[in-house]
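In structure tokens, the next block holds one chain alone, the form predicted alone.
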Amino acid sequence: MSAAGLLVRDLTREYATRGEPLRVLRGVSFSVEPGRSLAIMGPSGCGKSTLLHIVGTLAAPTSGSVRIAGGDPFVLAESDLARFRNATIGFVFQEHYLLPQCTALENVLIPTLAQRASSAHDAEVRARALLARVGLAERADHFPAELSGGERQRVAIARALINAPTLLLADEPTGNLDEEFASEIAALLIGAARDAGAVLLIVTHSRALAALCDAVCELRRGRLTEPGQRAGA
């Protein structure tokens, strides 16, 4: 596997209880190459979101390892980890989490505020290009309340891409959209990640969304099935 991709090995996550520890993840292993997408499916409560949070460095594993672009983020000090996360990982959630008082352009620019090397002018040029990429060039100055659900999720995708992440994580990104918008957003997300050469990891209940990814696996009782390649991938 390329050092620029995502490598997860023997990942476990346990939570302390009054009795036996609650083991949510049990030796999860997988890898994803740059520019490729993997969908993880499974029933509610099986640990999908826990896995995504660990890969996104929002939570630490009990044991096992995560390598992003060849490095181990969990050896970093907390302040360094926060900078690494901002620069390297983009997040798209079921809820768009746009700031209502900010325009679409301003929302896309938010992750750049922590990037000291990024000039305001260059960041705005990138943000406007991304809004054009997701079909919202003419909506840059609109506020979230003035946008449709599909448009708000497009802004969220542009925001996730603004720092050119090597890893893009999506948690039920089409869960709040109707079928037409869901298909549109899914294709846009997967295409944008592929064009950027980023690893895309999606947690979803949607078989239609999973079918668009390069590979699909299922998480059940804390264990992950071997990724099945999509025909033609």
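Just count from 1 along the sequence shown to find any residue number. Rigid core (definition): largest C-alpha set, two forms, superposition within 1.5 Å. For clarity, every value in this text was computed on a predicted model and none was experimentally measured.
Another form, the form predicted in complex with a small molecule, is not on view; read the next lines as being about it.
- Contact annotation for the candidate site: 22, 43 and 46 all lie close to the small molecule in the predicted bound form (heavy atom within 4.5 Å).
- By the criterion of a heavy atom within 4.5 Å, residue 205 is counted among the residues contacting the small molecule in the predicted bound form.
- The closest heavy atom approach of residue 37 to the small molecule in the predicted bound form falls outside 4.5 Å.
- Residue contact with the small molecule in the predicted bound form: residue 50 places a heavy atom within 4.5 Å of it.
- Looking at residue 184, you'd find every heavy atom of it more than 4.5 angstroms from the small molecule in the predicted bound form.
- Note that among 162-170, 22-30, 190-198, 66-74, the stretch whose heavy atoms approach the small molecule to within 4.5 Å in the predicted bound form is 22-30.
- Once the rigid core is overlaid between the shown form and the other one, residue 22 counts among the residues whose Cα shifts by 2 Å or more.
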